[in-house]
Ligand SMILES: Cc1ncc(COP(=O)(O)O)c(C=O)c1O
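First comes one chain, alone, set out as structure tokens in the form predicted on its own.
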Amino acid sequence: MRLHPKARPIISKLSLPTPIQKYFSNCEWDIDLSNNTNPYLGDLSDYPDIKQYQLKKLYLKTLLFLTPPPSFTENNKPPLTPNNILFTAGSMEAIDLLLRTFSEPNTDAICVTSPTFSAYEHWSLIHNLRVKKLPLYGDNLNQLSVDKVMRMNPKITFICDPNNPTGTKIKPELIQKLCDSLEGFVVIDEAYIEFSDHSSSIFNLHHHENLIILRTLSKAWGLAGVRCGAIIADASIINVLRYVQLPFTVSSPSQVSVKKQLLNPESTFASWRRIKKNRDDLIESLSKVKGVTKVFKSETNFIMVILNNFQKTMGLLQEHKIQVLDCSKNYPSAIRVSIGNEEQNKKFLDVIHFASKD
């Protein structure tokens, strides 16, 4: 397997973890007596499928089907294969795996935007990496300075797109400029891309060898309990990640659940349409509330809201047993509210209206 040259030097001295070596060899077998498992207790007594070739093929077909760019046709679709995908135990494992594989502790720097998903900074600090923050700017906090990132010279730049907690999306040309300008990796976390009408960066993956896409089935696909995410990247990146990933992290039941969801996506697609309608309705309603200073135009299944009377509103939400995310440490008087069902959204809106009364 071709390994990416920017992996940590220690990895070149390693072999694939012993439990999975045979799966990437040219050997074939009818009887496997190498795993020390119990042969009498059914399918789950064996280890999960490590290659997941058919599942990756199905997932890739689904990704290319969703919101392709206007220029997309079957004749010019990205030349991606199952070799470009690594399934992980959710996006959290993916973030940690990339840091452990490509960033040298006490040496390398990581760039994160601000505000954004706190996990990038959290796991970077755990691995003794320098974290450099890049403030987002603009009315919707969806612009960034590529020049400032270049001066930071990070090993990895994390961009949540659409961003959490703002819900807004970075312009595609900025991402392309980042990839063209940086020697390090540009990781685009698309945990919420299914709720956006804009195209995924996956359609530009074959143009940039330093571009890495993170996806998850926890959010839009309703499989948070399954714990399955994916890293989509150049095959040399995927190959080297196998040396670092714990063997068999995506269980057999998880793979069955993912396959079932991908093969029958109609109800899932319908739920996305419903969530987007509820989101747009809630944005419109919140925009008319006196106690709300600003509502960010969201392309996710949540909304960031700036409150006029933060403490009073948070107290009333707590009193009515409605939990929202307090984002005020990263952005003054801000909360992030997930889009619930119609009844839940109404109860939230009623409290916001009540908090706005003098």
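So that there is no doubt, residue numbering starts at 1 and follows the sequence shown. Note that this is a predicted model, so its numbers are computed, not measured.
The form predicted together with this ligand is left out here; the points below concern that form.
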| query | finding |
| --- | --- |
| Partner-proximal stretch of 282-290, 87-95, 243-251, 167-175 relative to this ligand in the predicted bound form, 4.5 angstroms, heavy atom | 87-95 |
| All of 117, 189 and 192 within 4.5 Å of this ligand in the predicted bound form, heavy atom check | yes |
| Heavy atom of residue 218 within 4.5 Å of this ligand in the predicted bound form | yes |
| 4.5 Å heavy atom contact, residue 160 and this ligand in the predicted bound form | yes |
| Heavy atom of residue 227 within 4.5 Å of this ligand in the predicted bound form | yes |
